[in-house]
Every structure is written in structure tokens, then in C-alpha cells.
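Below sits a lone chain in C-alpha cells, taken as the form predicted alone.
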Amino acid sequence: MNSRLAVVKVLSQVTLNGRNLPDAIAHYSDVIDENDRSFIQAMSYGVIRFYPRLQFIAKQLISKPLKTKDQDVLLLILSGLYQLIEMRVPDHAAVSETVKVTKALKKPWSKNLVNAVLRNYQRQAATINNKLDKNAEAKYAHPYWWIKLIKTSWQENDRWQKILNANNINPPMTLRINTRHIERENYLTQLKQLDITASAGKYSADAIYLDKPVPVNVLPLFNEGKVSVQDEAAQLAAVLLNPQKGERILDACAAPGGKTIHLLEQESDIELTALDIEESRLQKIQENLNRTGFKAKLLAANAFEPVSWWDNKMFDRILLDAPCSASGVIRRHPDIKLLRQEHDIAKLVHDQAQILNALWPLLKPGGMLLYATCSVIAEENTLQIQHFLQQQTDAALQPINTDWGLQQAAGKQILPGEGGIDGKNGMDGFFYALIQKQ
């Protein structure tokens, strides 16, 4: 399949069918030329990342809205604009190759339209760009409800603007190395010998940032299970929970298993149960266990209903990586901007509270529960924990004394890009609260 046509097909799956980007790209994997895969991925992620802005620009150039059945033509135009604005494709090639796709779409009538819109953008770019700052969705490349939600949580020091801008930066590829098997400096040396430029993480002793993403199969020790891909903020969970030898630990909502494996890397002599509601998602955890050589009990069950799966043996520690808006990882999953809806937030907050209250009785007195989300929304984080502490008289919030994150009324918040320099590297947005049972 022509690479630009493939991009339109992928974008259609996301914007019209509500499919997430990885699944949409995988859907066409059999008809995508392997040599085009990186281009298709970069284009698809880029168009979705800047979708509200590209839509605004297109509206300035299209005199009459396209019919619903012709949304593929609009997506083609957006992909052409993205090439002109963000990619290193020569302008003439971006225009001509995009126009050619109208034939593959079997809509020859749109050839002149697509050509005119892209040519007119080239002529009017300065004028149109001056209008971007006057439209919040275009300026920040987020739907308005997202902007309002993040602004409500982070008005102080205009942090909301920094969060929105950080969401639009390409995320780094971050590794977690098993330092029980190899020292970080040693691994950095191995990467350097392969001409892979990398640097040590600032907050996790196991973290390494790559200057440029590489296929995992070229990473030393990846296939042997001594290296994994995981954001630095996510790596802090296992350290905070601090598993001890012989303990019984629950990793709730565990898929895809990055934190599961890291817990076992911290202390392999534990009785670990990894729980997730979808059996298909447990397969990914099993793949990671097979690659790393660790063992854990996997359970496909609903965390809301322990009566259906719990064996009545208390846990020493519980990691609750709660389902959330994923507002802290939009830079990594830009389709969240479009797939998540405003009404989803209230349901997620309700579900988080239900899971917290359902799992709390499973924890031993003196035991620790680590509540984690990849969200920057107060209702899901500090307000959620404050409400929980008011309900549970035997719950005591523990201090998280670290040099990362912003101290909240309850818990600590990492904002997207924290620990990075000039927009490079840095962590995803994460929230952590550590609670002890009295």
C-alpha cells in the first residue's frame, strides 16, 4: 500500500472508528512495506498529535465543509499540511505525493481541492499562523475540554500551559536496566560501542535515555531479559513500594507488566500476583515474564470484586496502578486527545475509588498500598486520595521524600517533561501516593 494512503487509512481508524493508534497501524501491517513503516508511524502519530491545530488550518483554506463520506479527503489534506509544517519532506514532494493519493481513494474530483489547499497554505502560511494564538485549540493542539480540565488543576504559575506544550513534544525512548546483572555505566559503554547515544536518568538508578529510538532487538541484553523499555517516572513505582524478601504482593491492574517485572527485579523472592481484568492483556505480562525469566501468578479478574478471586490471604504490599485519564502520557499516546471524552473523567474517578475501597481490606495491618496514575488531573490524584483517607480511618498517608515531583496535599505529582533539558528527555506525568494500614 502507498505509504500516504496507509496514513489516511490509519487516521480513519482512529478518528472515525475510535481505534487506538498502535492497533490501527497493526491493522494494516500486512499491507505496509517494512521500509515505509517508520514514515507511516511518524506521520500518523504526528497528525493525531497536532490534529486540532491542523483542523483549524484546514478550515481557513476550505471554503465549504466536506461531507461525512469524504472525511478521508480531509484526513489526506491534514497529512499534507503536517508534511509541509513538521516534516523534512521537500515541499514539492509533500504536495505532489499527497495529491496522487486522491486517485487511490477513488475520488479524482478531490485532486484539485487537495492541490489548491496545500498550495494556498504555502502562500498564506504566515497569515494563518498569526491566527493560531487566537484560538486555544489551535494554539495548544488539544480539544478545548482538555485545555479547560488541565487548566483547572494547574493554574498556579501557568503550569497548565507547560503541560499542554510538553504533551506535544515527541517522547524519549527510555530503558530500564536490571542493575543486579549489569551496572548502568557498563551498559552505557556497550551502547556507545554500537553508536547508540544515551545518557543516565536523573531519578531512577535503573533509567537510561536514548537520544533516538532504536528497535529493541538491537539493544544489548534485551532478548536476555536484562533490559526493558519503561519511562523513568513509571520506574519509580517499584522503588517506592520497596518489596521485601518473602512478602506477598499484589500488582493490581498490572498489564502490560512493566512494573510487575521491576518489582521482581527489586526482589525476586516474593509471592507476586499480577491482576488484570482482560485475559488478553495478561498475555503481554506472560511474554515479559518469559523474556526476563521471572515467575508470578497471573489472574484475569475484576479488581472491584475480590470475592471472585481472592484466596483470603492478606497481602503485605499492594501496587494499584489505577485506570485513569492517561493525561500524563499524552505525548506518548496522542490519540488520547481524541479518544478520551469529557464524560469519561467522572466514571474513571468513580472506578478508582471503588478499586481503592475494594482492595484496602486485602492489605495486612502495617502493610503498604501504593496508588499510582499516569494522570495530571487533581480529581484522579490528590483529591481522590484525600477522599479515601477521610473514609478509611485505618489509613495513614506516608511521606514521599524525594527530589522529584511536586508535593501535593496528598501524594506527589510528576509533570510531563520533568527532569528533561530544553524539552529533551524527561519523565511522563505520574502521580504517587503511599498509604500504610494502621
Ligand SMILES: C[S@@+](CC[C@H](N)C(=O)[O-])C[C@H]1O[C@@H](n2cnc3c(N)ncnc32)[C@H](O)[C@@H]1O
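Note that residue numbering follows the sequence shown and begins at 1. Remember, it's a predicted structure, so these values are computed and weren't measured experimentally.
Although not depicted, the form predicted together with the ligand is the subject of the following passage.
- Of the candidate stretches 198 to 206, 102 to 110, 120 to 128, 270 to 278, only 270 to 278 contains residues with a heavy atom within 4.5 Å of the ligand in the predicted complex.
- Contact check for Phe56, Ala136 and Ala141: none of the three has a heavy atom within 4.5 Å of the ligand in the predicted complex.
- When the ligand is considered in the predicted complex, only one residue from Ala238, Leu74, Ala252, Ala94 comes within 4.5 Å through any heavy atom, namely Ala252.
- Contact with the ligand in the predicted complex, defined as a heavy atom within 4.5 Å, holds for exactly one of Ile345, Leu339, Met173, Ala301, namely Ala301.
- Using a 4.5 angstroms threshold between heavy atoms, Leu210 stays clear of the ligand in the predicted complex.
- Within this chain, Leu84 is remote from the site of the ligand in the predicted complex, having no heavy atom within 4.5 Å.
- The ligand in the predicted complex comes within 4.5 Å of no heavy atom belonging to Leu219.
- Using a 4.5 angstroms threshold between heavy atoms, Ala296 stays clear of the ligand in the predicted complex.
- Residues of 312 to 351 placing a heavy atom within 4.5 Å of the ligand in the predicted complex, in sequence order: Asp321, Ala322, Pro323.
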